[in-house]
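Here we start with a single chain on its own, the form predicted on its own, put down as C-alpha cells.
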C-alpha cells in the first residue's frame, strides 16, 4: 500500500512513521525547504504522552524537554504578581508534562523515522503541493516544478496545518472551517545572553490587559518569545498596516525592559498568525483524510496541539496500517474519525474556555486571574484550574 502525506510537521511525520512501520510506502511532501527552526514552547501532556510511550517516541521527546520550575506573571517593573508551580501543573494535567519547543518535537519525530520505518518513508523538503485529485483507483498529487512532479498513492493524508492546502482543494475554502478566537499570536527566537541567564527555568508572562508577552530561556544564549494580542479585525482576517515586526512593536510597547529588548531584536517576519480552531463536519472524503491541525486545530491557547497531533497520528496509523486492500480504506478512515473526533471536540471546548479568560479585558478580570492562581493549591480551586486549562481530555 502507498500513501502520500502532505506536511512534515509533528502529525505528518508520526503518521508516516506508523504507516511505514506497518509496511506502507510513504512519501512526505513539505513545502518548507528544511525543518523549520522557529516556533513556540508547548506543554506536552494528555493523550500524546500515552501514545508516544506506546509507539516508542517518548524517550526522544523527554531527551529534548526543558525543565520549568514555574510560570510567573510579572508587572511592567518585572515584579512578580502571581506564580503557578509546574509540579502542581503536572498533577492538574493528570501526570507527566514535558515542556518542548515545537521545532524540537518535529526534529524528534523526524529522527524517529530511523527507528522503524526509514526504508519505507521518504521525506521531501521544498516540495509545495500544487494540485491533488482522484483518478480511477488512486489519488494523485502534483508538486510545483518544471515540469510538475507527480505522485500516485492509495491514500492521501493532509497534515499541513491550520491553513491546509489539501483541505482547501478537497473539502472547500478555509473560511468555511476556520473559527477565529479573537486574538493573534506571534513567536520568535533571539540571541540575548543577559535575558537568558535572568529568566532560566521559568516561563515569564506579563500581567497585562488585552495583550500578553511571554519569554523563556533556551539551552544556548537564546530566548524564545511568545506574544498574544487582540486583533481589532481578527474575525475578518484583516491586519493593521506595517510589517509584522512593526505591528508587534506597536502592540507590545510599554510592558517592561525585558519585552522592549525582545522587540528590539525581533526579526522582520516572525511567526504571527490568527488564534483559531478548525471545525469540520467530516475529516475524510474518498481516499483523502486530514489529521492534526488540518482538521481539528484546538488553538495554541489550549496547550495540547502537539499532544493531539501525536495521539491522532498514532491512531490513524493503528487503523490504516493493517489495511491490505483498497476496499478496506474507506471503513478504516471512518473508524479513525469515529474514535478520534470526541477527543478533539473536548479539547476544542477546553481551548475555547481558555481563550475566554486568557487575555483579561479589564483590571477586574486581571485581579480575578491573580486570585485564582494564588489560591490554586486549595482543593476545588485546583480542579477549576485543571478544567480551565486542560479539560477532561488530559485524563
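In this text, all values refer to a predicted model and were calculated from it rather than measured experimentally. Residue numbers count along the first chain shown, from 1.
Heads up, the form predicted in complex with a small molecule isn't pictured, but that's what we're talking about next.
Using a 4.5 angstroms threshold between heavy atoms, residue 159 counts as touching the small molecule in the predicted bound form. Although the partner is absent here, residue 4 lies well away from the small molecule in the predicted bound form, with no heavy atom inside 4.5 Å. Contact check for residue 350: every heavy atom lies farther than 4.5 Å from the small molecule in the predicted bound form. The small molecule in the predicted bound form comes within 4.5 Å of a heavy atom belonging to residue 32. 300 is the sole member of 101, 155, 215, 300 with a non-hydrogen atom within 4.5 Å of the small molecule in the predicted bound form. Between the options 339, 36, 54, 370, the residue in contact with the small molecule in the predicted bound form by a heavy atom within 4.5 angstroms is 36. Contact with the small molecule in the predicted bound form, judged as any non-hydrogen atom within 4.5 angstroms, is confined among 261-269, 71-79, 321-329, 124-132 to 124-132. The three residues 16, 27 and 288 each lack any heavy atom within 4.5 Å of the small molecule in the predicted bound form.
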